[in-house]
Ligand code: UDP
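Heads up, the chain below is alone and in the form predicted alone; it's given as structure tokens.
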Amino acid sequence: MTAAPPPLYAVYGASGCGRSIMPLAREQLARQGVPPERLVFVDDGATAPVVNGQRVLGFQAFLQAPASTRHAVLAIADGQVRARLAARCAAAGVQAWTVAAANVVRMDDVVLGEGAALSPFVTLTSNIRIGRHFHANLYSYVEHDCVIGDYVTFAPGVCCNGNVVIEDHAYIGTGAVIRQGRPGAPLVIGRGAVVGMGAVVTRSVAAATTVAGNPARLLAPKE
């Protein structure tokens, strides 16, 4: 009787984001006793067969490779693109995979949706709800009583203080600081909003807008 092939794991995207997540994925699987050859990049646009020591497969090749199950973390910073890839993976039976650095801190009552990518030195404190396919880059934190939607991206060093709601597909730039809201009156970052690098957000941000500066102000759309 032939044994079933072992699971196959992937970092979907071999660009800068993917190359930053790959070492975390490799270390996480090593702790579980999974050999490194069962981990690949998936990238239809890659020009090299190997990147940073890991094989690169196109999506169809990933689906055709022998495996009992397939798992992927989506290493794409753009939340809209992540959503499209998540739908593609789900339709093909590829399971969402969460990758987290060994030194990520998770405190009390943190609910984390599937497919997260948590970089080194990320901290999630207490009574937090986070949706699907969340990205938290280096040194970011989420403080108490926050609710974060699906496909939200934190660039490095984001400071999200307590009682904040961040809706789906929002992007929070490097070093941004979000002021603490109040119980029953959270500060809200609307769906698809962009908070610029280094912004200091002192009040709610409307959906599908971009703010920047200290204090953060609305940027007029380009004509």
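Counting begins at 1, following the sequence as shown. Nothing here was measured: the structure is a model prediction, and the numbers come from that model.
Keep in mind that the form predicted together with uridine-5'-diphosphate (UDP) is not shown, yet the notes after this line are about it.
Participant: Does any heavy atom of D44 come within 4.5 Å of a heavy atom of uridine-5'-diphosphate (UDP) in the model of the complex?
Facilitator: Contact check for D44: yes, within 4.5 Å of uridine-5'-diphosphate (UDP) in the model of the complex.
Participant: Even though the partner isn't displayed, in the model of the complex is G213 close enough to uridine-5'-diphosphate (UDP), meaning a heavy atom within 4.5 Å?
Facilitator: Close contact is absent here: in the model of the complex, G213 is far from uridine-5'-diphosphate (UDP), nothing within 4.5 Å, heavy atoms only.
Participant: Using 4.5 Å between non-hydrogen atoms, is S15 touching uridine-5'-diphosphate (UDP) in the model of the complex?
Facilitator: Residue-level check for S15: yes, a contact with uridine-5'-diphosphate (UDP).
Participant: How about A77: is it within 4.5 Å of uridine-5'-diphosphate (UDP) in the model of the complex, going by heavy atoms?
Facilitator: Output for A77 is yes: heavy atoms within 4.5 Å of uridine-5'-diphosphate (UDP).
Participant: Going by heavy atoms within 4.5 Å, which of 98 to 106, 118 to 126, 140 to 148, 77 to 85 lines up against uridine-5'-diphosphate (UDP) in the model of the complex?
Facilitator: Looking at the other structure, the answer is 77 to 85.
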